[in-house]
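Shown below, as structure tokens, is a lone chain in the form predicted alone; questions about how it binds or moves come after it.
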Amino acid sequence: MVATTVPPPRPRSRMRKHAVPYLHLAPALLAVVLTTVYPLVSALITSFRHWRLNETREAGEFVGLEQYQRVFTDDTFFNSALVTLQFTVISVVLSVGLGLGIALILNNRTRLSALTKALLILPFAVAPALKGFSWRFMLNPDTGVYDQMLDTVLPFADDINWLGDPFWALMVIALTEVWGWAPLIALMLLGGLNSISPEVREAATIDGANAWQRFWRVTFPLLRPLLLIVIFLKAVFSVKIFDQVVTTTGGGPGRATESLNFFAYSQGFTFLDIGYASAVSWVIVLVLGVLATMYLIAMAKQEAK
């Protein structure tokens, strides 16, 4: 038999082979460019120009950093930043705390564990705007189911106007977020608990550790990296809060629940100051960028272990 040699592939065929994955990604990349990159760049350019829709339909003169100087001297901006910070702290603490508690309970396997885990994802699947509408109607002082239940169980709550009091209005919005996020966080932490070797807990039990000591000295340290990732992830989504504010309180009473996103929205679409709204939006983008970077660093450290 005569030996035959296979000719090496041509350079063009190699180039085509390497280009195939990018061609498959092209539609998704195009969608990202059109829906994310272009609006960000456009908002950045607009933030350096004076543009009020009630004066002109086109962007006006270049004003440099004037819009950003206005942002950091605007009391209403700092109010919305404080509201967002308060909401973030409340929602993160309650969501992670309740999620951890639910995960510890479900870690003890029973016949209903599988069904319970499947049901836990349902609250997170509900659209944020729908959560806001639902809670607003259920806390209605005249016909709300939640309001009547709370008035029956807690008689002193009869005089509370849940959406009319600044403190309770912010708490209600935070609870709409906790209702959806706590079950999801429970599922995430449950995966972390299942990755902990049972032998570690058994060794602690043999050494005489009680349930609290096993959790605090064994389970919690092993779960801490995952908890850090969950906290950063929840913080990012909390800073972005918008839908529930619109559908539950509309930023009220007064400005008690006006988040950063809602403040930017109102500046652009209520007061028609597009240039200032763009500057506020980019400040929010920078804040989210810092949180996202911290989240990615935490993820990288977790994967490196």
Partner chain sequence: MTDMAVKPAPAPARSAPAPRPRRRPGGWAIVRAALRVLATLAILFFVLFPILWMALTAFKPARDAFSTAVVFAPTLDNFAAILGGASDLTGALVNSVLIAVATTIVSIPLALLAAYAFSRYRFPGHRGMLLAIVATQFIPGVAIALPFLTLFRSLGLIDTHLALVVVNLSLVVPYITWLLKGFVDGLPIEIEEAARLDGCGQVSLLWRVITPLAAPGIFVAAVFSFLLSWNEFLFPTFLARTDASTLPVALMTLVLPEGVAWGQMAAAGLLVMAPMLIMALLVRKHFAEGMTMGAVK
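Residue numbers count along the first chain shown, from 1. C-alpha atoms forming the largest set that superposes within 1.5 Å between two forms make up the rigid core. Values in this document were obtained by computation on a predicted structure and should not be read as measured data.
One more form of this protein, predicted in complex with its partner chain, exists but is not displayed; see below.
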- Query: Here the chain is shown alone; which of 150, 96, 228, 106 has a heavy atom within 4.5 Å of its partner chain in the predicted complex?
  - Reply: 106
- From the list 127, 157, 82, 196, which entry has a heavy atom within 4.5 Å of its partner chain in the predicted complex? 127
- Query: Does residue 220 reach its partner chain in the predicted complex if we count a contact as any heavy atom within 4.5 Å?
  - Reply: no
- Using heavy atoms and a 4.5 Å limit, would one call residue 238 a contact residue for its partner chain in the predicted complex? no
- Item | 4.5 Å heavy atom contact, residue 68 to its partner chain in the predicted complex | no
- Would you please decide whether residue 164 lies within 4.5 angstroms of its partner chain in the predicted complex, comparing each non-hydrogen atom pair? no
- Query: Within 228-255, which residues have a heavy atom closer than or equal to 4.5 Å from its partner chain in the predicted complex?
  - Reply: 229, 233, 236, 240, 242, 243, 246, 247
- Task: For residue 27, state whether the C-alpha moves by 2 Å or more between this form and the one not shown after rigid core superposition.
- Result: yes
